[in-house]
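As structure tokens, one chain now follows by itself in the form predicted alone.
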Amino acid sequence: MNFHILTLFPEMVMQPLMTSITGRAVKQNKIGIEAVNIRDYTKDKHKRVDDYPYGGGAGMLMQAQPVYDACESVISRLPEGKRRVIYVSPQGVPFTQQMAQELAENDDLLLICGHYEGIDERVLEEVVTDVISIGDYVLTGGELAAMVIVDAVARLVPHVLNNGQSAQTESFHGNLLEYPQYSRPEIWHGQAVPAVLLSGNKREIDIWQKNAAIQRTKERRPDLYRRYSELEECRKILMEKKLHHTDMTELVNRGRAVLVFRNEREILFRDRESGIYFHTDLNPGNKGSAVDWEAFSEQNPHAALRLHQEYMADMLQEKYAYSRKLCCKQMVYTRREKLPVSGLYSLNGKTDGRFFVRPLDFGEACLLEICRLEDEFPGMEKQIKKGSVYGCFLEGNLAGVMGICSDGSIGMLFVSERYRRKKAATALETCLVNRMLEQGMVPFIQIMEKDGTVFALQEKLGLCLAKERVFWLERK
């Protein structure tokens, strides 16, 4: 991912951003950061970029031409990809962690820093896609705000943080503030570290940290606590049919669920990462829906849906031009202990006749072979960039791939013909199940009912089958 900061003061942004985590990430080619001097694009011989505003008023205004030319100079050399042009201003939408997560999905972010009394409105209307504020106060320029946004977004780019769990366990994940943390010495100024943190009991520590996060959020951010409580109520309802709703409960557990609608026991979530909508209706005997699907379809014309009742799938197909893409059964790994790996695969490159399983690097040679699967598994390229797709190698050759799909399930399984019936699929899924358990996730997979080979693999690995089906719908 690349950040392009359009500013009158390049040195003001580059020196701080080239230190600490962001600086290390740039040196390791995990992100790119450049400062573009807007003054280089003025046509004024004195290098002026400002002028008096029409209609009067205090101060000077940055002119449209140099800002536009600076922006176009960046865009003209960018490859095709997802990009946003952001104007940082106190008049913008408040910046949040959720917004940082959405921005991290882009390939390039252009951040325009204003000065004086701002920038000519005409260029903002022409080039800007987002106006973002970091708070209800006024700074002398947009540079500090741009640096805040770059720092918050950069740390969410895959592999920027050394510890992959860091971004998953800190403040605002799952609408909770981070729990209190302690380091040595055990007693400082007469205050002792909570005994549970010294116990070595991982389960008890997890419980303490979760409860502490809940209490801190309740005291300091009642607005966040209210959202957390709403999702917890939904999760309790979904747990009544635990296997059937694992895809939805895991959205809550992983901090990805956005509650769009709830009416008693009817629930509609949006996955903030994939944008997929998940719906279920557990009202007894109900064959209707309180969701305004007509308005929903108009506002979200290309939405992908996961439905947990067939009558809902039939209704949306009949009335709102949705088509049924897949009908799946959900299988869930319900145990906490990891699957055995002895004699199956290695993670350190020493294969000894076993498979070597590791996350795929987007720049490696075998990618061409993998990208041929993009038509069969849309979104695989994006998941590779996130480090969510694993390759299984034998004697240096790619035997197969499997990964975590955009909806959070295990999937995208493909094994080369010459390596089939040699436990390549078993090695891949075993590795993914164990990795997800390490991250506190519940592993699950959604498979077509007729796929007997995959069903047999799940049963062999100990996954439990949900009785009800899940329906994948998309708009025609």
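All values reported here derive from a predicted model rather than from experimental measurement. In case it trips you up, residue 1 is the first one in the sequence shown, and so on.
This next part talks about the form predicted in complex with adenine (ADE), which is not shown.
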Please determine, with the chain shown alone, which of 195-203, 288-296, 389-397, 84-92 has non-hydrogen atoms within 4.5 Å of adenine (ADE) in the predicted bound form. 84-92
Any chance residue 134 has a heavy atom within 4.5 Å of adenine (ADE) in the predicted bound form? yes
Could you confirm whether residue 145 comes within 4.5 Å of adenine (ADE) in the predicted bound form, counting heavy atoms only? yes
Does adenine (ADE) get within 4.5 angstroms of any non-hydrogen atom of residue 207 in the predicted bound form? no
Give a yes/no on whether residue 379 approaches adenine (ADE) to within 4.5 Å in the predicted bound form, heavy atoms considered. no
Would you mind picking the one in 260, 139, 326, 344 that has a heavy atom within 4.5 Å of adenine (ADE) in the predicted bound form? 139
